[in-house]
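Let's start with one chain on its own, the form predicted alone, as structure tokens.
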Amino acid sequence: MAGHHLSDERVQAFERDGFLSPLPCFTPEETRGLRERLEAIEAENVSGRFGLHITTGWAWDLVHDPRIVDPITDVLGPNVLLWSIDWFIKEPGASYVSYHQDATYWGLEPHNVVTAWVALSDAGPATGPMKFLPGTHTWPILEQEDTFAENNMLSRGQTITQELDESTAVLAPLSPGQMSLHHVRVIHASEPNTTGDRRIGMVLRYCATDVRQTKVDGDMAVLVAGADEYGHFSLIDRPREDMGESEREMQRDHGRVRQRALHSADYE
């Protein structure tokens, strides 16, 4: 296929393993520019980095970039929504991520959900890149314990309680501008960042249009490919003014809905 689509072999590898890494995405110059944009926003207000596709035209265009969306449609089908854009930033130090499944708390069903994780800095072996347990996306959702452990970067320190065979883990280092894809159920984790630079991941969560939010009302998404024949989410339009008041109000509404989904009474 034309564009930036995956080969049949790579689609089969994703279907077998539940992840795919590395994939080319942005040039070194583009990657530096994205990091500079992010860090400029952080310098003004760290919370402003969340939901940037709602408040800035450049992030809206970014989540539609065919270098990301074409591979996503290869594994999810032609009709795709962006559910969220977040940033997973591991500063140098002791922070880590325990083994978990993303699907546990998001409320998205069915699990036709894939994350594109784009490296905006070096995500080599010493930075604590993601490691995956291949094939575990075919497993059910496992029991997880909320540990709230110090240095665990997950919001609840959630950790799978079942004993896992870590000898099967596959490390997925990325160079700046490369990306990985992973299924919402695949088990993954990461170790501390032992370098002197922050490890910056831009995390784009996409879902097929048949997916619905089961935990809260009023969730929002962006149609990035095909058509939405289900209407399970309120669709977000391209921002008319970067950081405009109406855009920032929608960003705040979006954040409140997501917090209710991620920290609902089901898990309190």
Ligand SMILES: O=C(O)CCC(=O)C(=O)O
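Note that the coordinates shown come from a computational prediction; the quantities given were computed from them, not determined experimentally. All residue numbers refer to positions in the sequence shown, first residue = 1.
Form predicted together with the named molecule: not shown, discussed below.
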{"item": "Interface residue in the predicted bound form among K215, R205, R35, H64, criterion: non-hydrogen atom within 4.5 angstroms of the named molecule", "value": "R205"}
{"item": "Of V114, V97, A119, V80, the one that lies within 4.5 Å of the named molecule in the predicted bound form (heavy atoms)", "value": "V97"}
{"item": "Per-stretch contact check against the named molecule in the predicted bound form, the hit in 85 to 93, 139 to 147, 162 to 170, 68 to 76 (non-hydrogen atom, 4.5 angstroms)", "value": "85 to 93"}
{"item": "L181, heavy atom within 4.5 angstroms of the named molecule in the predicted bound form", "value": "no"}
{"item": "Contact test in the predicted bound form: M130 vs the named molecule, heavy atoms, 4.5 Å", "value": "yes"}
{"item": "Contact test in the predicted bound form: Q158 vs the named molecule, heavy atoms, 4.5 Å", "value": "no"}
{"item": "Contact test in the predicted bound form: R199 vs the named molecule, heavy atoms, 4.5 Å", "value": "yes"}
